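To begin, one chain is listed below as structure tokens, in the form predicted alone.
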């Protein structure tokens, strides 16, 4: 989350009950290029913080309703979207007071009346720390994305399936919503590699994923590489009938598409096995394995019957979730 402006300045929340001191703080910080929002006590500051995240809080110690120490503790106990650097302004200068302020959650303190150059220097130190925290977050997020992404196709990988498919199933069961998944397999993919080379095969895999991503809802559906040339497509809020319509549209478009590699046109087809349910109740137990195995069973039937087709089954409550052979579509070629 990028919360600084183009010059690297962060928004600052100021809590100060003295109107003169508050105005001087505002002018000092605004002159340095910061966005400043100021209030007269800790209670108002915390209410505002709950509505909008501020990475820097500058607070007086002694204030009505909620003092600076209470504000520090409240902010630290609040679930924020990032780290908050808190500086306490105080006329208290004993070691015990300083320890109390730091133990309450403050990161730094400035004696009152504050010296503008000192305050600016401490804010700059604070900004360096926040920039380091942001860089670390970005690095960790990049590592996380790499860990769940297939490096060739940029779709998700098996690890993501293991982590997220059970969550999708549990969500669908909890809210009694539909859920379907499709296994898409590129027919005779080995022949592509043998005829045109592995680079051509890689290009076909990449373009098939692009076709899938262009056909599914970007904010809800997702796809993952399940095997060498197999892809799992997860469709929340979609029953098996709807999944069949999508799979048939994909099958048809891929079969007509020309994959161009080094000026050579490559024609491929795909087969789709589908499983899913329209709605189930929260006391019913459905596993990722049962859904995937059922989709794989129908995919295997596609292969036995000539490939380039869609086959699907659905879960019937009356059948105790056993996935009987309820064939929804069989577009024999």
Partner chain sequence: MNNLAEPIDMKEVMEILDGDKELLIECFDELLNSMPQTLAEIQSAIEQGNASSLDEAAHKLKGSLKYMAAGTAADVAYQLKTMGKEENLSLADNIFSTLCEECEKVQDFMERYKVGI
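Residue numbers count along the first chain shown, from 1. This is a predicted model, so every value here is computed, not measured.
What comes next is about the form predicted in complex with its partner chain, which does not appear here.
Taken together, the three residues 185, 245 and 253 lack any non-hydrogen atom within 4.5 angstroms of its partner chain in the model of the complex. Put simply, residue 171 is far from its partner chain in the model of the complex: not one heavy atom of it is within 4.5 Å. When contacts are judged by a 4.5 Å heavy atom cut-off, residue 37 does not count as touching its partner chain in the model of the complex.
Mapping the unseen interface onto this chain, residue 64 counts among the residues with a heavy atom inside 4.5 Å of its partner chain in the model of the complex.
Its partner chain in the model of the complex is not approached by residue 159, whose heavy atoms all lie more than 4.5 angstroms from it. In summary, among the residues 27, 52, 264, 267, the only one with a non-hydrogen atom within 4.5 Å of its partner chain in the model of the complex is 27.
The contact residue chosen from 147, 115, 77, 140 relative to its partner chain in the model of the complex is 115, the criterion being a non-hydrogen atom within 4.5 angstroms. Heavy atoms within 4.5 Å of its partner chain in the model of the complex map, among the stretches 106-114, 185-193, 124-132, 225-233, onto 106-114 alone.
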